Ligand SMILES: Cc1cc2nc3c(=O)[nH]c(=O)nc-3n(C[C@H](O)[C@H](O)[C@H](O)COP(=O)(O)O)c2cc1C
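Before any questions on binding or motion, here is one chain by itself as structure tokens, the form predicted alone.
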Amino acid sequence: MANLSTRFFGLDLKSPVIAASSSMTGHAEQVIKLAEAGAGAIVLKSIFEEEIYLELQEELSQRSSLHADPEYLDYFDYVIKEENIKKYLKLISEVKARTNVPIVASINCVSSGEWVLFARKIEEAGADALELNMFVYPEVYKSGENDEQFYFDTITKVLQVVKIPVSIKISHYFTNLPGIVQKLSQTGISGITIFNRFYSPDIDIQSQTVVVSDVLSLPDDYILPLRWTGILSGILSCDLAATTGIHTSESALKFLLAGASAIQIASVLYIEGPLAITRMNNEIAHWMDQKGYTNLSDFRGLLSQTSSSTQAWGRVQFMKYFGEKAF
């Protein structure tokens, strides 16, 4: 019988299928259903630093007369943070008391300042691990070096205040992705997940306005993180997981063959509900039985760039298909 156990977040997991941070993991009853469906771990809905600041600004816009009172603004900022933090810590405590699945808290960081001290409260509330959902938007007036330093500064500060394992979720917006991810893996973190999914704008040509593109990932969106899983999995000093576009057990297995220790899913949970996890677990186990594999380690990384002779992970041109054809 296939054994689906793996290790990620610095934790032993019974399955490589992890419920990623989303509104599906923001309420206790939903988290319990995901645990019952067989999730290897559950990443709670991120608490967003910028979301709290936006809440502050919205409140202040209704109280314009307060702008001249800096002391009150500081106090109000503190109150909003504290209320959001209390709700989040209550969620952690409640789901830890009602499940036996690893619960991972998530902070969406836009700065490396005092906000990361919230990590200590997360640990005290009982979270098994912490995921830092990190992204710096590239801008023309900012240097790549300064943007990259944000990641190292934040990780350093968080690791100084907690003892639970810390992992990060990152984007692909780096000049030298393999180089920076390898360096990040050497900071003492327990895992790296590639790649976080962002709000993406689109254009409506009829109304000529900027609109929201698809919120949920599409089944083909896994291609980009799959390539980088194959390239990165053999060169990192910590475990690697992947996310975005993983809707089927077939795509999940591709990531495991490329070297991922786990996969994180969200969009498919909105489409199918928690039973998507059960289905994927059963189908992965069935495939393993068919292939004669007992453990994930029997085939994990079998097709990574460092474990196989293929050069396909690094190829960027369609030489075979279009090199000699004329249209």
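Note that the structure is predicted; figures quoted are calculated from it, not measured. So that there is no doubt, residue numbering starts at 1 and follows the sequence shown.
Below: the form predicted in complex with the ligand, not depicted.
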Legend entry - Full three-residue contact with the ligand in the model of the complex, heavy atom 4.5 Å, for 22, 244 and 266: yes
Inset, instruction - Examine residue 281 and determine whether its closest non-hydrogen atom to the ligand in the model of the complex is within 4.5 angstroms. - result: no
Legend entry - Contact test in the model of the complex: residue 45 vs the ligand, heavy atoms, 4.5 Å: yes
Inset, instruction - May I ask you to check whether residue 190 falls inside a 4.5 Å heavy atom distance of the ligand in the model of the complex? - result: no
Inset, instruction - Using the partner position in the model of the complex, report whether residue 197 sits within 4.5 Å of the ligand, counting heavy atoms only. - result: yes
Inset, instruction - Work out which of the listed stretches, 120-128, 248-256, 155-163, 215-223, brings a heavy atom within 4.5 angstroms of the ligand in the model of the complex. - result: 215-223
Inset, instruction - Heavy atoms within 4.5 Å of the ligand in the model of the complex is the criterion; list the residues of 89-106 that meet it. - result: 106
